[in-house]
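Below: one protein chain in two forms, given as structure tokens, structure 1 then structure 2.
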Structure 1
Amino acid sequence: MKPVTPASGKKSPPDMQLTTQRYKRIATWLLIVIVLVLCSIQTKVTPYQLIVGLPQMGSLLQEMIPPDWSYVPTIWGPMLETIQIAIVGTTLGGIIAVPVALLCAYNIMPNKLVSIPMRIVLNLVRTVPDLLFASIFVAIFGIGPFAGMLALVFFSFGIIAKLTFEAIEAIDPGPLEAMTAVGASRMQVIIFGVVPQALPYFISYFLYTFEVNIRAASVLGLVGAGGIGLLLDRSLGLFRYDRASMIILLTLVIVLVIDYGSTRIRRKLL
């Protein structure tokens, strides 16, 4: 909202300004409502559906309870695969992110002919959602965990590189100057000046991305890219909601455990 200042060129009485302000506010709200209603009509997404679907939701939940505990041995393997996909994907993505983050940071790479194209590539990678990456790689490399892993490599690379280069740009330039003065080569300035300062941030972003990737990896199977998602898709397709709920429950537990662990480590780091 604009501040109410009488210094806007024409001199209008204050109460006049207040009325214009009010009209503007009403117009804004009206616009939001119109957009919502139009979208809802166009896509036929209406509250009516929600009300009609409510009993359905109830019966679905009923079918989900109790979860099929006997299904656990079957899903244990794919669940582990999901975690492994996330580990490999995040690690490889994180490794590739390091040089790119350095090349993107203006204080390390003052040559904009390098840093700006790097940033453009990075932004392009970041606009592609993980599931889209996964479906592309499934088309290229076929169904299986490799496609999913590769999707996560790109996905984590985008997040980690972006966050890390911003952290690098915020480091204290003093130690870099000190290392330059000592006679260090450019690489040594990075190792002794940049790395010790940026490493805690990098690790923190790495763990955060790992958390996100565990969640992402559990739905990768929906497009055939390996992991637990495949079984989830199948259970839903066969209307075995008791099995689906078991999968969801186990995923929830694992995500919670990993989130808890990584949050604790991250809090210690920063």
Structure 2
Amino acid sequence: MKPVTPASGKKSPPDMQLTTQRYKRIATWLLIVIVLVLCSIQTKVTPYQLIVGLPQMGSLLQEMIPPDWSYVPTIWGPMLETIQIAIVGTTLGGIIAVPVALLCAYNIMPNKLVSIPMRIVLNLVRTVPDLLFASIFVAIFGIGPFAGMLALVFFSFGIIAKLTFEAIEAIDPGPLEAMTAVGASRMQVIIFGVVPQALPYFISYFLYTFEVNIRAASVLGLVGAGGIGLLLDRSLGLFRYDRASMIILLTLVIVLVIDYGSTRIRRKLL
């Protein structure tokens, strides 16, 4: 028996699906290009502005190089304060994030009267940027590192809680169902079923947030929240770009060291 061939001039269903997918890809890329062009026009981003600004960027780099190495003893203390702000802020934010993440996860807290309001609160916290938090706390508690620490507590809480509850919802439900079937309590299920699976991810998110907070704490001083940002703002205000480049260079070294250490820890955990 001869195979049945489609009628002349008509596409088979697989060919029609490939054509449809091709048109969808073309339409998607076309939509992306249109959005980018419209955003560029609205924000007045043009290659001409970049070309005009290049000489000014070059002159600024000339003023930043070489860095003022004699400024290191002055900035070392505020830099340590910045690291301490990031450590305390990340730690407290991570501790607060743990119970909130458990209450947000649907597989741990199926009661949506609890989980949905907690998610709303979490989204509200994540909506406020860290600099705005710092400005609010500076207005309340005055200029100093305490305001910066509180800002990073809320900032860390929002990031870690969001990522952690998503990781909890993605864990293997088998151990949880088995423990529930043999009569384990909710607390036992969390301690012996949820924590072992979610802990490596929590530590990974904690380390990532700590890296981000080192950079964030470096600029919180621009609004008076302590740390190296105060000296950075002062250096830029006095047009001492050589000192500003020294601050940026030291911050870069510290961030690279922390990034290397956290990467090693994450590789061992995951």
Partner chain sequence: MIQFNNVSKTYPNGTIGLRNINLTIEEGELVVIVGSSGAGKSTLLRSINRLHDITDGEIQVDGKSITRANDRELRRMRRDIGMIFQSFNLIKRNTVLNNVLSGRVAYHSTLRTMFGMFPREDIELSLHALERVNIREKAYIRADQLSGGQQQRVSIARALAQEAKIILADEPVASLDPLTTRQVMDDLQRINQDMKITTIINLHFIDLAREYATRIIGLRAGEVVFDGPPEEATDEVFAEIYGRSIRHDEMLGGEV
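Think of the rigid core as the biggest set of C-alphas that the two forms share within 1.5 Å after superposition. Numbering for residues begins at 1 and runs along the sequence of structure 1. From a predicted model like this one, the values you see are computed outputs, not experimental measurements.
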Where's the form predicted alone, in 1 or in 2? 2
Any CA movement of 2 Å or more for Q42 between structures 1 and 2, core superposed? yes
Using the core for the fit, does the CA position of W29 change by 2 Å or more between structures 1 and 2? yes
